[in-house]
Ligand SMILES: Cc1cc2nc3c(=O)[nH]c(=O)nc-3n(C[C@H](O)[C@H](O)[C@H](O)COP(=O)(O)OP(=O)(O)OC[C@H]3O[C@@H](n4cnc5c(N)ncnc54)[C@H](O)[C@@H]3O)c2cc1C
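Just the one chain here, the form predicted alone, laid out as structure tokens.
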């Protein structure tokens, strides 16, 4: 990894190589940068622009590494599907993550106040695990560690002011404040711009790319809880009249059994729960959850996030791809957001590799010097091919998540009967359960 500190006024020039530039250094941006650098030839340059500073190769990281390996009771976590674990393995991240990840062996799905329930089991699906739960700070560290060893050029700290489009490329204008508080503008030319700067993307807004928003009038309370017994790798999806809650297995911390909580309530109730005492919160959570996971003995720091389904009106333009939360921001009920984005990343890289192989085969050119005469990575037809491959999975995942929110957050008798029939039907139809499990595992 080469780190360019724009604030020091480093000039950036363009060679004749093809360039792919990612704006946004979150988990999706990092994963995509590593996939591109891993699978595309060196003649296609990969750059990553991030507004926060990145550590350079020379920086001493021993204390940071020691800290990152220590579990924190209040650490935020991400659910990693089995399919996503394979994708992370392809960029050499999974071996390190596996040592810290907690496997999900069973997903138990139930509806409060009703008898019907169902289970998805790793053994039934003939996989080692249905998924894994990884603390965000460790996942980020593993991605950064691989980035340090890659050929990706990191430009940080830097903020994109605007973009100018030509037929040949995109000019990215950066603003960086130097130590003497004088602005110095930098310009980067790229063949393909990938926007991964998060939900409500400022760059998308500046380019006139709108988003469709569906406000669920709900908020998610996220915290870690301690249990009085081992979780045995069971993840609980519990649906109540006021919204779903999930308990995901976490590794032990300070000799306590832990689970990650995502509790969805309407905004008024969420605000109330965010302010009650720990004891009252645990009592209400225990009533909603029941005792399948055991007794809840301790609650960590609580955070609350408003929930909205956000979908970009455009995911591709000539020389532009919108990725990650900037493309689709999902309700956390099924833990599918990051996993869906990873599949997007993998497909985009697959398409670019396919197009490159087709061009090289057609032109009988096999050396790196010929790549730039064979393909244009920002060509709209190539990007539309990517989108056509992703539309079905995106639509299916978003529709499943949205339907779960509507169906399992309602007191209407018709929907209550429907969800009971659905849970009973899954138990009666192994094929339907297998299809659901494959979707949840990201292996459709």
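Numbering follows the first chain given and starts at 1. Please read these numbers as outputs of a predicted model, since none were measured by experiment.
Another form exists, predicted in complex with this ligand; not displayed. Remarks below refer to it.
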Task: Among 157-165, 286-294, 227-235, 355-363, the region lying within 4.5 Å of this ligand in the model of the complex by heavy atom distance - done: 157-165
- [ ] May I ask whether 51, 77 and 197 all come within 4.5 angstroms of this ligand in the model of the complex, judged by heavy atoms?
- [x] yes
TODO: Quick one: from 243, 335, 131, 249, grab the residue that has a heavy atom within 4.5 Å of this ligand in the model of the complex.
DONE: 335
Open item on the list: Can you pick out, from 315, 106, 118, 325, the residue that has a heavy atom within 4.5 Å of this ligand in the model of the complex?
Closed with: 325
TODO: May I ask you to check whether residue 405 falls inside a 4.5 Å heavy atom distance of this ligand in the model of the complex?
DONE: no
Open item on the list: My question is simply whether residue 41 lines the interface with this ligand in the model of the complex - judged by any non-hydrogen atom within 4.5 Å.
Closed with: no
- [ ] Evaluate residue 382 for contact with this ligand in the model of the complex, applying a 4.5 angstroms cut-off between non-hydrogen atoms, and reply yes or no.
- [x] no
TODO: Would you please decide whether residue 222 lies within 4.5 angstroms of this ligand in the model of the complex, comparing each non-hydrogen atom pair?
DONE: yes
- [ ] Within 4.5 Å of this ligand in the model of the complex, which residues of 17-41 have a heavy atom? Give them in sequence order, or say none.
- [x] 23, 24, 25, 26, 27, 28, 29
